[in-house]
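Starting off, we have a lone chain in the form predicted on its own, written out as structure tokens.
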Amino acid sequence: MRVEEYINKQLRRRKLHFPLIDPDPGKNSIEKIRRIAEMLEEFGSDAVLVGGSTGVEERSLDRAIAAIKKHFTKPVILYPGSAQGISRRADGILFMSLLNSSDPLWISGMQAAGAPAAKKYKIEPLPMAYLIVEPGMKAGEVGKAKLLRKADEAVSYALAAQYMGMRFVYLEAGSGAYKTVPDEMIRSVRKETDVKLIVGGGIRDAETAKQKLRAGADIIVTGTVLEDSGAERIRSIVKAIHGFKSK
């Protein structure tokens, strides 16, 4: 089954959890990545995102994905921090454009540089608008983002993304963010668009995950919490996402 088809099929049943693993060996050893993958398989996460760091070499990325796939049976999707963040071992790639960047490099330059490799390796592209919301953290800094603060700003970008043919929109507060994407912003984007809505940044517990789902998120991404928290917190987040019932 193709990755996007799998995502759509799962979303007809329930909301989804996509954990993000940074393959940078300076942050996560292969042994730690293996343990995380085993945990995510046990808890039932729906796919794993791999990437984020801008300086990761293909060899490190390949090793990380190989370790994940030994213990995780669902799709492994690239979350590239640059045009070099591509591995032939991945099942899919979030082919993202940082629409609210002030630098064309992050809107289309990196995408043009990475597209030939994605085609060569036959990695399924998932067309996505990447929208960085205040506080933005390192992602906002590196991507030279004009941070989104108002709901109507996010709606304008998300609607433009939909009209350009992107089927996913990711509202991102930034890895380790001290505050999350505002609920009002999520509600507004959900109301005005038909895209699959991904929300991440600063989501560290089950109640916050449910809060974002109530606002209209389809997929919750957690990153830092994988590295900083115990297994029970991760288990509770996945359980809350899968058990969520909209009123």
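What you see is a predicted model, and the numbers here were worked out from it, not measured in a lab. Sequential numbering from 1, following the sequence displayed.
Keep in mind the form predicted together with a small molecule is missing from the figure; the text below concerns it.
By the criterion of a heavy atom within 4.5 Å, V221 is counted among the residues contacting the small molecule in the predicted complex. Although the partner is absent here, G174 sits close enough that one of its heavy atoms falls within 4.5 Å of the small molecule in the predicted complex. Taking the partner from the other structure, the small molecule in the predicted complex has a heavy atom within 4.5 Å of a heavy atom of L20. Of the heavy atoms in I203, some are within 4.5 Å of the small molecule in the predicted complex. Screening 174-182, 27-35, 62-70, 209-217 for residues having heavy atoms within 4.5 Å of the small molecule in the predicted complex returns a single hit, 174-182.
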